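Heads up, the chain below is alone and in the form predicted alone; it's given as structure tokens.
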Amino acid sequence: MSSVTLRKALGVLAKSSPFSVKTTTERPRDIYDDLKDYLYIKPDIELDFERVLSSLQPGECVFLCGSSGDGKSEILSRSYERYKQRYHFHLDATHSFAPHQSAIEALDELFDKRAEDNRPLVVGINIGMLANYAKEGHARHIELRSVIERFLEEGIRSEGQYRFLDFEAYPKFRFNDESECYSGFVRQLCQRLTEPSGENPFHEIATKDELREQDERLTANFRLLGNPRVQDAIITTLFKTRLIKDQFITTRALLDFLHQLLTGEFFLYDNLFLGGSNELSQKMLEFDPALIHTQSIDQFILRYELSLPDPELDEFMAGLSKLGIRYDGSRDGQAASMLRLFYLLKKCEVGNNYHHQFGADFEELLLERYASVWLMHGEYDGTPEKQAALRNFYMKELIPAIFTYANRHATELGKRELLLGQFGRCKVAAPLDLKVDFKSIHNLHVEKHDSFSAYLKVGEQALRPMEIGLNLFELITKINSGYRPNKYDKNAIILLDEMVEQIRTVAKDSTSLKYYEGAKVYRLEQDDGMITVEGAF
């Protein structure tokens, strides 16, 4: 242990490390196996997996499904020793049993053997491979292929002798996570890695490095990561990456991300936003706090880069040195680094708290508002208080944005009128009673991890739900502020277009139409087979 430095110890987190992929092996254990085992946090899916294994009957089959890097191999390996005498394990369904054999043929053979010896079968498999087998598996396994199709298309996780445990059903990030942040899993991981206790080998190694004054930037990063408020900022940034960039976050990618944060070229806050080889870091570039422009931030950059006197900043910098953070030499280009530091420490107490004056500039208002509306849908119980809160979002945000977007080429239309089309110089619109469908919210709402469904109705006719993720939520906010969507909003616009077309289809059956032709406005009403026309001629 004494010869292992913190940098070497943290190497077990790296994607390039042999420890990043778990395999069954007979090699002797060493210190790095102990370090990796210490970090392991048993996920909820493993608890359910163990419950399933404890009750498997002859002929039954369980699939542990997920994406590459989810942790399937780790979970399977941990159960393998205990159950290998009773069950047959197929740890990686991308492998075959012979050079000439495809993975699909290997699975055919595997299911043949199960049929012969009736021994319970445990399979670790990627969702993509599972879908491929449903399409391309041999016809003699048509029953199993049908069960797989129903799991993939309808979410049926238990049918006959088959059970499916899917990592997708166990999200690492949630709006209503019980850990008081957006990810209890990442919180536990950071706490376990940096916990200042004698039972934590990483802490012991870091302490020895500190006494030897070795790799001071790394040990400073390690202690920074141990701060719960710093963890909050990192977790929030990761969650934004998941929601806005639609980035899938696996356990392997998370471990590699932490490795880069700690051992990268710079301090942790710069490593967080300056990219790097990690797939998550690459997606975080546009969330760099140094890209924010407000009056107070711009004034700070000017003062800092010009080295203008700022005694309060000098006092703050002295406080930073106690955290092992020091800025030496020229200030050219360092303002961006300081802003990243202010962002990361925005809820921390440091020195004279100089950085707190920028707290408002770093608030996550959009994410917090989205989380609030997401929770409102899940908690809606029909009470007047909950109804009033939801009505506020629908009547002041969603419905106005839909009308503004649908009528963007006909700004002369009246309130609550929807453009149906334009014929020459004449624009045709229909009055529309678009409102929130509380009954559907109450009866049909299903919790989703990274979006919620909005329910609307025209008059009393319910519409299909509208899927609202953070990108579309942001677009709704921007439209209400006068923003005109463009090609860069393509994914969110598709969802908005689908809702507008759905509303237009209903509106076309209206018995009342309005025609706008220059300054002239006509109103047509159909009643008992008669059409009456009102307006300027």
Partner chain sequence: MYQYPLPEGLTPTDKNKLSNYWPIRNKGNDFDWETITGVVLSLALRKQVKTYELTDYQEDCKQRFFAKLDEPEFWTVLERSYFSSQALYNISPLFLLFKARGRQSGRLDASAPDLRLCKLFAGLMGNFFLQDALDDHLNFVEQEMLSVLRKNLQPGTAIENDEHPYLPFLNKVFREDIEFLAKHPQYLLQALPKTLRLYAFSYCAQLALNITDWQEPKSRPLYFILETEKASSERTSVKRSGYKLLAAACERVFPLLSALDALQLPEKPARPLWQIYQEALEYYDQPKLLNELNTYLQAFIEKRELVPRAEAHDVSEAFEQLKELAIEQFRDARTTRGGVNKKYVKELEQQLLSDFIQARGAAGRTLVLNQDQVLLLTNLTIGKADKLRLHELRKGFEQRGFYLDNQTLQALVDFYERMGNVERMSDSGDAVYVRKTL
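Positions refer to the first chain, counted from 1. Keep in mind it's a predicted model, so treat the numbers as computed, not measured.
This protein has a second form, the form predicted together with its partner chain, left out of what is shown; the following refers to that one.
| Of the options 424, 198, 160, 333, which one has a non-hydrogen atom that comes within 4.5 Å of its partner chain in the predicted complex? | Contact residue from the list: 424.
| query | Which residue, 235, 420, 345, 436, has a heavy atom that falls within 4.5 Å of its partner chain in the predicted complex? | reply | The residue from 235, 420, 345, 436 that makes the contact is 420.
| Every residue in 131, 524 and 532 with a non-hydrogen atom within 4.5 Å of its partner chain in the predicted complex? | Yes, all three are in contact.
| field | residue 135: touches its partner chain in the predicted complex, heavy atom cutoff 4.5 angstroms | value | Looking in the predicted complex, residue contacts with its partner chain include residue 135, since a heavy atom lies within 4.5 Å.
| task | Determine whether any heavy atom of residue 509 comes within 4.5 Å of a heavy atom of its partner chain in the predicted complex, and answer yes or no. | result | Yes, residue 509 lies within 4.5 Å of its partner chain in the predicted complex.
| request: Could you confirm whether residue 110 comes within 4.5 Å of its partner chain in the predicted complex, counting heavy atoms only? | output: The answer is no: residue 110 has no heavy atom within 4.5 Å of its partner chain.
| message | My question is simply whether residue 152 lines the interface with its partner chain in the predicted complex - judged by any non-hydrogen atom within 4.5 Å. | response | Output for residue 152 is yes: heavy atoms within 4.5 Å of its partner chain.
| said: Just to confirm the contact call: exactly one of 44-52, 474-482, 28-36, 66-74 touches its partner chain in the predicted complex at a 4.5 Å heavy atom cutoff, so which is it? | reply: Result of the contact check: 66-74.
| Neighbours of its partner chain in the predicted complex among 234-263 [non-hydrogen atom within 4.5 angstroms] | Heavy-atom contacts within 4.5 Å come from 248, 250.
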